[in-house]
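The chain that follows stands alone, in the form predicted on its own, written as structure tokens.
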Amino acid sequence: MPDLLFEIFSEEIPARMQGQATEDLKKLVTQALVDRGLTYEGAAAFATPRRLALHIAGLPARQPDLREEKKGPRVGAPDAAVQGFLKSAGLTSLDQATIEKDPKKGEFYVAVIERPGRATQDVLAEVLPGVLRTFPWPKSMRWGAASARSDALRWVRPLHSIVATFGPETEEPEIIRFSLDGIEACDTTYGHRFLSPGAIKVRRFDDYAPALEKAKVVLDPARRKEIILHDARDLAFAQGLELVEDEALLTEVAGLVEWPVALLGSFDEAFLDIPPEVIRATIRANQKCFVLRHRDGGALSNKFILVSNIAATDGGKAIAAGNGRVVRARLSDALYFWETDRKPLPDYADKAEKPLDQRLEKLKAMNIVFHEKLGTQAERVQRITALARDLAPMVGADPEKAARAAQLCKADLMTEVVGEFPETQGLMGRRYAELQGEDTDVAAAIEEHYKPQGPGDRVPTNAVSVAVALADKLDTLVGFWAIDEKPTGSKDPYALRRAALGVIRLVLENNLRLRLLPTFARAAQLVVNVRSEVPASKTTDADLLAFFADRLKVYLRDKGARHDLIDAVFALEGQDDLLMIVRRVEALGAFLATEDGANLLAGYKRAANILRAEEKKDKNARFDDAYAGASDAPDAERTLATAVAAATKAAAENVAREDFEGAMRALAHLRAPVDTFFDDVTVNDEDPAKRLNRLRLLSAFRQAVHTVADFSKIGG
């Protein structure tokens, strides 16, 4: 079957955009083809710094013919209806329609519409230009003389050529003829900008990829990554070192080169006095290079790996030397920042003795705004300090250490190193805290209070770190909730989802007992105390708790838990202890997996449906009054009443002891009495008194089950 080869050749595409661009190109083209009835066997998209390419295999030569029966009005219908039918069906007279009979509706007109399929090449000539004109680049531009026109083609960088060929492997493929702002689709591409810049005529993907390889272009970004990683490891090994691997940097560098060549560079050993994190940040951010470390102790080496886009005639010596000079210049700046940060600030010497404390005073004096409605960073530090002190006893931390760590946790924002390399914030705070003799727990908490920053990030276990990390995240969440700046849809500019997930992981992975609602209230009070103009919304607590429930679903879903069980537990009043919620969910899941649990759920739903139906009939009906036993009640009714009373008492006692498995076992005793009751007893008895009493018994059964969870939220 025929294949499509589609390439868009341009100036350099930013590395950060290439991955999404390949996904978008594949999705937009394949979806457009499928919408037009053209299925395919496989599709793959690729990117290099100067091209996007798409290969679609196994396309049919033509669209399938379309045959559609369009039902029209009844025979004898008004002329307006008939004329509308003829127009919509593309007919000129009723002679072109057929008449069919329906036993119920009588005779009616039917038009058989047949549309022959178009050649796939013609469809592609329509689809491909449309995809290019509407391509969703995050940023795009117009260029050249056409840039004066508002309707000119926009692309991420100036576009040079378009390859578009289509045909079976047994024949010479044809060029898909279309033009885009003066650029004609063709079968000619170009190799490496410096190593092989000449034109290359291509036919289909099978000869396209090898031709590019000969022209010093590795088309597949995954293969470029493999080449870089393999060669970098080999160079490091040859020096008795090992590569400090960095997946994000590897992906970025693979997007900067078409012909990757790994080279070894070096810098003066004197720069190794700089903290290794700063060295790595300098080399990574400014030169896109990988650092190396010694195998024995893991200390950084003065050598690094750079990736060139050319194979130089001198083996890359000049390129490595040039990068080494730039790295040395950058490290000279970093060394200056490092040395400056360790010196006192004379302007703040009268307020604090230690350098990090002086940075804190500078933070206060500079009035750096955290958010216009939530005040300055210094005011936020004030809130975090108070909240960390309050949280410390709950997590087993020393309140004074927690307060001290919180007080200093943002001070490194005013250091030269963090100003130049923001990614080192927290880490440099720890370094400076250690240098000025702070307690080890305090220093660790300054670094770790940002953690965890994502699903794969480490969760702090040091109690002081946990207290400060919780305070930092809860202040953020409560503050933005108070000013009604919540995540909406896919937008979350303040990373509040990440903050909530961080709180959840800190609590659960450290087995902490923390009541969220009182903590929200305390954090909200601190926000109002510091920023009195912030409205204290009455709905903040419940709304924020619901937000946590959604984040907890995400967390537990990754561990295999059912989201409806989380809903069932959160639906109970006062459920704000995350650790106990999870234990309830676990116990509930285990119970429902048993035969007793599944049958009890079925009995509950039957009872709930009966009660719901009765409450719907009479909106004022309530069945919460106590069940009144009757001497003439059937045995099944009396047995269920006794079992409900016993199970309610036992379940409540077990829940009070936080023995949720025990509470489930108590409810399991209801299974048989409930089944027998529904088999032997008519709830909607003709006697109104009996009917009311039995509905009250079912309500008591429902309330007994709600001791552990709201079963109405459970699916199945």
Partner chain sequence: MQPQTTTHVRPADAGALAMDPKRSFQGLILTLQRFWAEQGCVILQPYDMEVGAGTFHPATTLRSLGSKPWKAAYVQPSRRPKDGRYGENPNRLQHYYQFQVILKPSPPDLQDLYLRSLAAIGVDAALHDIRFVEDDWESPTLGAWGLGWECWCDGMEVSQFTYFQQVAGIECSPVSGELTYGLERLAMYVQGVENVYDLNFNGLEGPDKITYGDVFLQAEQEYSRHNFEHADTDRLFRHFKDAETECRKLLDAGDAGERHLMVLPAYDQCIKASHMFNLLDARGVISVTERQSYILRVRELAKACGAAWLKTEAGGMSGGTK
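Residue numbers count along the first chain shown, from 1. Just so it is clear, the model here is predicted, and its values are computed rather than measured. We call the rigid core whatever largest set of C-alpha positions still superposes within 1.5 Å between the two forms.
One more form of this protein exists, namely the form predicted together with its partner chain; it is left out here, but the text below deals with it.
Student: With the partner removed from view, which of 217 to 225, 190 to 198, 495 to 503, 479 to 487 is the stretch that lies within 4.5 Å of its partner chain in the model of the complex, judged by heavy atom distances?
Tutor: In the other structure, the partner sits against 190 to 198.
Student: Ok, Val75, Ala318, Leu94, Ala590: which has a heavy atom sitting within 4.5 Å of its partner chain in the model of the complex?
Tutor: By the 4.5 Å criterion, the partner-contacting residue is Ala318.
Student: From the list Ile368, Val554, Ile113, Met580, which entry has a heavy atom within 4.5 Å of its partner chain in the model of the complex?
Tutor: Exactly one residue meets the criterion: Ile368.
Student: Contact between Gly19 and its partner chain in the model of the complex at 4.5 Å, heavy atoms?
Tutor: Outside the cut-off, so no.
Student: With the partner left out here, check for me: in the model of the complex, does some heavy atom of Ala444 sit within 4.5 Å of its partner chain?
Tutor: Ala444: no, not in contact with its partner chain in the model of the complex.
Student: Answer with yes or no whether Thr313 is in contact with its partner chain in the model of the complex, where contact means some heavy atom within 4.5 Å.
Tutor: Yes, Thr313 sits close enough to its partner chain in the model of the complex that at least one of its heavy atoms falls within 4.5 Å.
Student: So in the model of the complex, is its partner chain close enough to Leu517 to count as touching (4.5 Å, heavy atoms)?
Tutor: Although its partner chain is absent here, Leu517 would stay clear of it in the model of the complex, with no heavy atoms inside 4.5 Å.
Student: Though the partner is not shown here, which residues of 650 to 685 have a heavy atom within 4.5 Å of its partner chain in the model of the complex?
Tutor: The stretch 650 to 685, when checked against its partner chain in the model of the complex, contributes no residue at the 4.5 Å heavy-atom cut-off.
Student: Comparing between the shown form and the other one on the rigid core, is the C-alpha shift at Tyr190 2 Å or larger?
Tutor: After core superposition, the displacement of the Tyr190 C-alpha between the shown form and the other one reaches the 2 Å mark, so yes.
Student: Does Lys139 move its CA by 2 angstroms or more between the shown form and the other one when the core is aligned?
Tutor: For Lys139, whose C-alpha is compared between the shown form and the other one after core superposition, the shift is 2 Å or more.
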